[in-house]
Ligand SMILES: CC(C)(COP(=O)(O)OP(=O)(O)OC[C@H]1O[C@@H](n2cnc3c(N)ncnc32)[C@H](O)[C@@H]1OP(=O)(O)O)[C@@H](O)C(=O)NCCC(=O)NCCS
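For reference, the chain that follows is the form predicted on its own, supplied as structure tokens.
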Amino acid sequence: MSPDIQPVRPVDVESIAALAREIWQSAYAGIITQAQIDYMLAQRYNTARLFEELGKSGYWWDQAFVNGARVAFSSGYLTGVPGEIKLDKVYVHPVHQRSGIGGALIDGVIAHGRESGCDTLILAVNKQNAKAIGAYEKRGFVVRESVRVDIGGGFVMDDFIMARSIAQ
């Protein structure tokens, strides 16, 4: 069954944050510490930040439902670099991974990028997240650079920046 993809609305914010907490426990266990997971969730999924992003021009949030249950979400935004959009988040509940839902959400971000005149889609992925890196490579992404970013709280993001063309 193909997912029902819908824009995230303000009423969905708390459910998206709860789904993020559940998915991150699986996605990042063994990659970063529980303390960093908690720190990053508090930073990236607090209601004020989500409401702000939902109201910003050049930001998009989508969610996927299967049989009426919310199982995944994504977000993307225009980076300010001409022709570039960033896939900022794409998370699928572990039970629904490898079913095409993540790809459908990425396709939605690509569509937003194309509508905005973009020809490049970028993302950041933890260097130790082999599962995600493999999935992105299958979708045409290649490593563009390696970065190590201090995010505060004594934590860093040790990521690859990956990119792919979305030219029409």
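The numbering used is simple: start at 1 and walk along the sequence shown. Predicted model, so just to flag it, every value in this text is computed and none were measured.
Just so you know, the form predicted in complex with the ligand exists too; it's not on screen, but the next bit is about it.
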| query | finding |
| --- | --- |
| Candidate site Ala27, Gly102 and Gly134: all three near the ligand in the model of the complex by heavy atom within 4.5 Å | yes |
| In the model of the complex, the one of Ile32, Ile110, Met40, Val125 near the ligand [non-hydrogen atom within 4.5 angstroms] | Val125 |
| Interface segment, criterion being heavy atoms within 4.5 Å of the ligand in the model of the complex, picked from 32-40, 134-142, 110-118, 55-63 | 134-142 |
| Non-hydrogen atom contact Val92 with the ligand in the model of the complex at 4.5 angstroms | yes |
| Exercise: Leu19 in contact with the ligand in the model of the complex, heavy atom 4.5 Å | no |
| Heavy atom of Val13 within 4.5 Å of the ligand in the model of the complex | no |
